[in-house]
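One protein chain, two forms: both are listed below as structure tokens, the first as structure 1 and the second as structure 2.
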Structure 1
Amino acid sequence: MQKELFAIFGNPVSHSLSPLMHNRAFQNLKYKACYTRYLLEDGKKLKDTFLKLGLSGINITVPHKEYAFSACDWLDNFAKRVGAVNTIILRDGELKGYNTDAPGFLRVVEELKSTKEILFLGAGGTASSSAVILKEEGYNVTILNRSKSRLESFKEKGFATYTWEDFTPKSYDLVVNMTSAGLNDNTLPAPKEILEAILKRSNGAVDVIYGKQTPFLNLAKEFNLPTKDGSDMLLYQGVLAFNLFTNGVFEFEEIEEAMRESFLL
């Protein structure tokens, strides 16, 4: 059998850990495939590029998840509901699109016991798909965002939404930084006074940013809250994508073990 080729498309893409994660899992599970990164500047060229490179599947990162959604010939129901695709596989000549980010995040939340009331700081694409899946699974998600415009679509879906100006802090089982504040700078996702008023009443904090202690997680630690960064979300979305790439032949736990090793490198 010829070696299959997979890739991650994004712009920028050089920072992505996906090649390391997937190659390590291919190697450990003795699956004949290789995974690389591709700098895609123009999202409209996603489908042509995919086919020209002879790929079997891709992951898609910022800023192309919406383009990826429109490039697919077939969409998984959840991807259809959230309008964003981060995994595409080629099957029977068709590009099939899935979203594994939100199911990956759901798994992180499911591992935290006694969690029901959740506050999201941020209202971008990741917050949107994650809020939908959590709501479908019975969690209560409130959205707090810096500006108003992105809150409209959450309101239409039945979420309680606030900006910093009209928010009254209350207690939550989990507070999640869903913004990019702290990714390439040292900013907090909301004014410190608001965060302190929330964190002192809450039971846990998660940041979707991975690989660093963000100012948000540091602040949560000052209130002695249990904290978690975005590494497990990254791992779980990768495991779910790998499962699609390899046609479901491996168990989730088997892939997780094979892939988790890459986090030690």
Structure 2
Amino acid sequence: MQKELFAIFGNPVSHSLSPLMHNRAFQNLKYKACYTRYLLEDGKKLKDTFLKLGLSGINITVPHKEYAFSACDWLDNFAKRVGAVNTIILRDGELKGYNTDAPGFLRVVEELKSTKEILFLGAGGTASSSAVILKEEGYNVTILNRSKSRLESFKEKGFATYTWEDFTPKSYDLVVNMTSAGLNDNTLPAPKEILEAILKRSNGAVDVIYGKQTPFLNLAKEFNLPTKDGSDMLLYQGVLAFNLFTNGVFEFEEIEEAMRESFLL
């Protein structure tokens, strides 16, 4: 069996832990494959780049998830409903698109007890897919975003949506930074006065950014809130993607165990 090649596409992408996670799992599970990262500056070139590199599959991170959606020849039903793809595999001559972000995030939320009311900060692809799957599982999700235009698709799906100008803070069980704010700088996902008004009424905070204590999480800690970064979401979506890459030959639990070692390195 020839060694398969997988990658993560994004911009930026140098920070990604995905190569370490997947390569550790390939090694531990004795699967002949290698995983690397690729800095993709132009999302419109995603499909051509995938094919030129001779890849078997990819993960896609910001800002290319919408481009990934349009690059696919086939979409699974959930990816089709939410309009965002973060995992593509080449199978039977077609690029097949899936979304593992949302099921990965759902698993994180399910582990947090007494969570019902959730506020998302940001309205990008990860927020879109995660909001849909949480709603389907009975959670109440509200979306707060800087601009009104990106909220239209959420409104059409029945979510409560607000911009910074028309938002009135209330109590939430969980506040989630779904933006890249704080990934490479000290920015917050919303004006500080709005965040302070939200966090002092809320019970917990999660940031989808992993591997660092973001300004958002630091602010939440000032209000003595329990916080969690995006490491578990990264792990769970990675396990689901790995399962797709390897065509379902491994169980979720054995992939998780094989991948979790990478967080200890």
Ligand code: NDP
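Only a predicted model underlies this, so the values are computations on that prediction, with no experimental measurement involved. Every residue number counts along structure 1's sequence, beginning with 1.
Pick one: which structure is the form predicted in complex with the named molecule?
Form predicted in complex with the named molecule: structure 1.
Just want to know which of Asn145, Val175, Ala102, Ala25 is the hinge point between the rigid parts that rotate between structure 1 and structure 2. The hinge residue here is Ala102.
- Would you pull out the angle in degrees that the smaller rigid body rotates by relative to the larger one between structure 1 and structure 2? After superposing the larger part, the smaller part appears rotated by 14 degrees.
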